[in-house]
Structure formats: C-alpha cells, structure tokens
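Encoded as structure tokens, the following chain is the form predicted on its own, with no partner shown.
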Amino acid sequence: MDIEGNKNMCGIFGCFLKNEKAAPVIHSSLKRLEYRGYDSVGIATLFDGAVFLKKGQGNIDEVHKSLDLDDLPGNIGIGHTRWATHGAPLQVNSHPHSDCTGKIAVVHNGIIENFNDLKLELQNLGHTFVSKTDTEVISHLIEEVMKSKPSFSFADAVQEATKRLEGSFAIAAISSHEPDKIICARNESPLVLGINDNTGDVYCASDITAFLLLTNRVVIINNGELVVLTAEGYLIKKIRDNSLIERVPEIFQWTAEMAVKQGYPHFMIKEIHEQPEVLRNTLRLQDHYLDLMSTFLDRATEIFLVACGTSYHACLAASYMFSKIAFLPTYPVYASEFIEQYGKSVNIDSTILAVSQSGETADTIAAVTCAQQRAATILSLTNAIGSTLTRISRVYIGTQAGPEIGVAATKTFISQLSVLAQLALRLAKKRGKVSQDEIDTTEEQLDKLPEIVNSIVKTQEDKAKQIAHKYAKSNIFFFLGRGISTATAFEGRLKLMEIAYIPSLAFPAGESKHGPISLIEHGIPVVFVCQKDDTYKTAISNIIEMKTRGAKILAIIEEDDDEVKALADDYLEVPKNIPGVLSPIPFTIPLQLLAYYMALEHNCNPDMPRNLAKSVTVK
C-alpha cells in the first residue's frame, strides 16, 4: 500500500456527517494537521441553504478563543490551515475564500501558476477580489462558470474551473446552490478520503492524520480526479473526460505518530523525499518577482549575500552562479560577521540579499538592520512570508518549500538553491554575457531537476545506508570540493556534524595541501564532491594525493565516471551532464542521505539534534 507524503504547505479538511455538527469535527481535525505549520485558520459550513464562515490569523486555539469556531451550524463543512505563499498571513488572506455572492467557499492546498492571468480576466468580467491569494481565483472562476452555464451542476462548474488552473492544487468546495455535497479535486497536491462505515460519515483531507482517529478506511485520490461527497458516500471521476472511477477503501494500520510522518521514521527522511515536489513549486515562482529582484541586483554597485548556517552555503553556491553565468561579482558573508566586517563600509550603493529559512534569524536580522540604517537596498529570500525579514525588505521572494519540521535544513536548502539559480539565469539574460544556447541548456536542465532529484533519492538511498554502516566507526570525516562544489562539500560536512555528531572538516580541495593533509592517516574517510566540470582534472589530483596517504575515498560522482570510480573506495552517483551552476542541488542529495543514515548508525535522533534549534532567534 502506498500513499504520498505531505508535500505542500497547507492543511485541508472537509466532512459530510450524518448526525453531528461539522464545525467541532473540522476544528479537532485541523488541530491534528498543526504539525504541517500554518499562520491562519478558517472553517466554512452549510446550513439551511446558506454558507457560514469564520476565519482568522494566528493559531487554531487563538482563533477559536476569539471566534468560537465550533459555533458554526450545519453537518457539512470544510476547513483550512494556511501557510502563506501568496499574500501576507492576514485574516483577509485566510481560507476559505468566497465568490462575489458569498454562496461558494473554497479551500486550497498548492500553487496556481496562472492566477494573475485568471484574476485579470475575472476582474474584467466584473468580479471583485478581496485578498492577495492565488486561491481566490478558484471561487470566482466557479462562480463565473455557473453564471455563464446555468445548466451546469456545482460539480460540473468545479470540474470546468479546474481545467483552467495551471499548477498544483487540492481543492474542497461547498456552495449554497447545492447544499448537500462537497466537491474535491486534485492535481499534484495530496488528497485522501476517509470512509466511516459505522456512522456513514465521509471525510476529505490533505493527509490521513486529519481523520485517523475517526476511521482508518482510506481512499487515495490521484492526479486529475474530481470527487463528489454526498450522504450516499463518494463518487470519483476524471476531470479530463468525466469518466467514472471505481476505487474501494484501503485499510491503514498506522499509529497517529506514523501518520504524521506519512509512514517515515523521521521528518528528516520524509523531507528529503519531498524535495522533488519542492523543486516543482519553486519553479512555479511568478516571473515578475524574479524579474524585479534581478533588476535590483543588476543595478547594484556591490552585492552582499548574507546568511547563517545552511543558508550561508546556499549564498556561497550563489556567488559562483552569479559569477559564472551572469558575470556579476558578489560577496557571501556570514551574517554574524557582517557588521564587524562590512558594517561601516556599506552605503546607498550597496545591496544586501539576505537568505533565511525562518526570516527571523537574529544575526541575519541584525546585519540587515545595520545595512538598512546606512541606506543599503535590502532584498531577501525566505520560507516564511510575513516574517521580520519580509517586512524590512524592498523585495522578497518566498522559496515555496512549505513547513520544514526537522531541525536540519534539507528541502529549504534545495529550494533556496533553486530560487538563486533562477535569479542567476535572469541576470544572465539581462547582462548578455553568455550565449543564449548556454542559457537555454541550463534552463532545460533546471526544469528537469525535480525528476533528477527523485531519481537520486530512489537509486542512492540504499547505497547511502550501506556506506553509512561501513564508515560508522570513523572518528572524523573530511569533505573536499572545487569551484561551486566547495559549497556542496561545506553543506555535506554541516549535515553530518549536526545530526550524527561526528567531527568533520570541509575545505576547498586546493587548500588541502595548506594544512588539512597533515591530518590524513590510514583509513580516514575523505568525501570528494566530484563533478565533471573545468575543475575535474585538478580534483582527481587531490584524490590521488589523499589516497596515497592512506585515506578512504568516498566520492559523489556523475554516472559513468569510471576514472573516479577506479580511485574511490565507495561512491554515490548523480545523473551526468548537469550544468555546473546547478550541481549543488543534485550533488547535495546523496550527502543528506549519508548524514541521515550515519545519524541512525550512531543512535541519534536526526530530527532533534542536541543544542540546536530550527530558528536561531538569539544572537
């Protein structure tokens, strides 16, 4: 039995109950989805031919204390916990979203790529929008279909509307036009049904955690499918051609803890497996955000890339990206060192691109505040819309990774690299320093990265587990790379050190002769990040230097790299012919897997490394 992991940002739940009020059940089910992370919550129910709705900013308990979510009438309803991607985390942007008449309510998980075009079209038809979200176009689109095609049922209207949507979505919708049903639809974002044979109740949700305490009879909904929930149960059909689908419930024997992690033993490995979907979401960024930020970067006299920890490694990789294809020099700086090193030299001609997973990292905020006081332009990348960093930035981009529960950054790092690579390509186009053929090739490979990363996880996980077991008793690791692979080596070292507690060193491979090589003894593992780019030959020389001194060579290589395979004691592979500026994304995946399984070998909990926190909000 197979079920997809929780891949997106928001939590949705809907229910059609026979003998109970829906609102309290929706409330308690949304509580079980809190682990996904969220910034607002809302519920809509149907009663006596009308839609009733309550929603607000903040956590469920706060909103419930203020609004009494359980007080909504009716036995049919939908609910939502929102992680902001379009529009700040405000009450007006909370789900459910209504149409102009207030007769339709929609909750949505995912990202609608073409929402700006749809919104403009609908506004020209007289629709009034109240939020900044991509989701609101769905409710208005359904309204417009019902207005223009009065013979359509509510299910027909939802089906027709979803055909216009580009991107990812799991939708649950209700309407007072037909107050005896819930309509759901799915493309890429997860959607499951729960069937309670004892009560006759039916549920829809982002994942089974929401209803596991109510039933373990589950129906998995696939891409391109629409569902009608009624008092009689459920009906599934294809969105494309309206053909009916027969699918019986499966029994899931998961505990509540297993359900939260979608069957994975830890959040970290679950989030490693989510990275292909994260990359798909970052590739759906709105063009105008990328264009605006790249315009500011192109105009800058000097650019500082400021971050801490894993985000700093993303900045280090970006400095190579910007230099190699946009011919734009940048200065990657640890945020904790920025004020002392550059605080008095930044000015109105300086631009700061700050990168922070949480948008609240104390050292990063302090560095940015210092630069802002000296009239520098502040740009930022963060995974938390509405955070302090977004509020003080001239332009910001959300990295679309969704909530990350594991303390060790995995999918947020990959999403940062993806956004930074897209910015580098925009800059390359603006500056005209490289050929269009090179830009086209790089963009094509960037679009392929979700499948490439998916392939790496599937083919290399068992091998990484075996290598971790083989080297579990090693007391120290070295990580070496050349060029942009230096950033990858640094990130691999950090992951191993922070979750497996193994002392580890990372250097540019060319610096190994300037001290580190003196520590090499027989059997010490040296991890080489070895891409076939213009640093390849010198990297092989570094491998030979280490091998002749007794080191065990563990190489991260491209497929069919027979030359390094002959020198390495062990290796993990990624697909070949990936452009150098994109290489940190695929080459990092094997290192994440290695660190995870090394932590297990040492009986460490990779989700909760000692002395570390997800967001460091103190200096």
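Everything numeric here is computed off the predicted structure, so don't read it as measured data. Numbers follow the displayed sequence, beginning with 1.
Here the subject shifts to the form predicted together with a small molecule, a form of this protein not shown in this document.
- Message: Using a 4.5 Å heavy atom cut-off, which residue among Ile174, Leu279, Ala408, Ala314 comes into contact with the small molecule in the predicted complex?
- Response: That would be Ala408.
- the small molecule isn't shown here, but in the predicted complex which of Gln531, Ser356, Thr81, Thr488 has a heavy atom within 4.5 Å of it? Residue within 4.5 Å of the partner: Ser356.
- Does at least one non-hydrogen atom of Ser387 fall within 4.5 angstroms of the small molecule in the predicted complex? No, Ser387 is distant from the partner.
- Using the partner position in the predicted complex, report whether His97 sits within 4.5 Å of the small molecule, counting heavy atoms only. Judged by the heavy-atom cut-off of 4.5 Å, His97 is well away from the small molecule in the predicted complex.
- Query: So, in the predicted complex, is Leu494 in contact with the small molecule at a 4.5 angstroms heavy atom limit?
  - Reply: Flag for Leu494 set to yes.
- Message: Is Asp134 part of the interface with the small molecule in the predicted complex - any heavy atom within 4.5 Å?
- Response: No, no contact at 4.5 Å.
- Location of the small molecule contact in the predicted complex, chosen stretch of 439-447, 306-314, 112-120, 519-527 [non-hydrogen atom, 4.5 Å]: The contacting stretch is 306-314.
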